[in-house]
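Heads up, the chain below is alone and in the form predicted on its own; it's given as structure tokens.
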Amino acid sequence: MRPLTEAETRAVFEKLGKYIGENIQLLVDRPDGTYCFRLHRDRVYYLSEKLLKLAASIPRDSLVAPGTCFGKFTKSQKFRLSVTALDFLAPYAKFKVWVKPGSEQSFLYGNHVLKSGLGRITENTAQYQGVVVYSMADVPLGFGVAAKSTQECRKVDPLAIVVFHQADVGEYVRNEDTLT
């Protein structure tokens, strides 16, 4: 387990910035202590400084997951955000999408959000902006990328894709053997 390099930190913060903007600072400097990002086996973990000191006494081979996994670096060194980061992204999300109850299950199975399943969308959402997907009861379901801007969503046909799927809480069931 080691600190992130400058390039790795930039990649992680750029990806987080797509979803929570300048609220990244709120993730690091929290009222309950200081938190940090660490790399362990190509995965980026989010953990408190207190937990970091405790994890330092455990050998690397025995250490499975020192904190909450925020994502992983691919072989080409691109950062891919994981669904386990959803609980930390949702409270700080700048752009949100609410899906209708009939489309929740489709999204949780890994499908994109269609215009017919769109309940609400945050005003002034740009195209290709990172969004957090909520149910109509304000339960975070996952996150994705807006395929259309808010203005385009009003004019598009009902079967057009509005949000590209990236991750959802259904992955806990679908990938439970490989998720760390």
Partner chain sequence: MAAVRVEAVLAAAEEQEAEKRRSITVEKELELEFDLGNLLALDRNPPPAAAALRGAGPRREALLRALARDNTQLLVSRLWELPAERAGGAGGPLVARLPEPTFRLPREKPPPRPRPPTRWEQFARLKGIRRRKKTSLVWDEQAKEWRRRWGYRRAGGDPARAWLAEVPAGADPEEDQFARLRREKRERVARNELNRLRNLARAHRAGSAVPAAPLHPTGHQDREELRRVARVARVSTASLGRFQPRLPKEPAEPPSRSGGRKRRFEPLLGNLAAERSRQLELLRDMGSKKPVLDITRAVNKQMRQEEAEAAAAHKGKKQSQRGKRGRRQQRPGRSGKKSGARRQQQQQKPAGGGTGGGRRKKA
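Residue numbers count along the first chain shown, from 1. From a predicted model like this one, the values you see are computed outputs, not experimental measurements.
Same protein, other form: the form predicted together with its partner chain, not shown, and the subject of what follows.
The shortest heavy atom separation between residue 149 and its partner chain in the predicted bound form is within 4.5 Å.
Although the partner is absent here, residue 116 is not a contact residue: none of its heavy atoms lies within 4.5 angstroms of its partner chain in the predicted bound form.
Put simply, residue 70 is far from its partner chain in the predicted bound form: not one heavy atom of it is within 4.5 Å. When contacts are judged by a 4.5 Å heavy atom cut-off, residue 24 counts as touching its partner chain in the predicted bound form. Site residues 5, 10 and 28 are all in contact with its partner chain in the predicted bound form, judged by any heavy atom within 4.5 Å.
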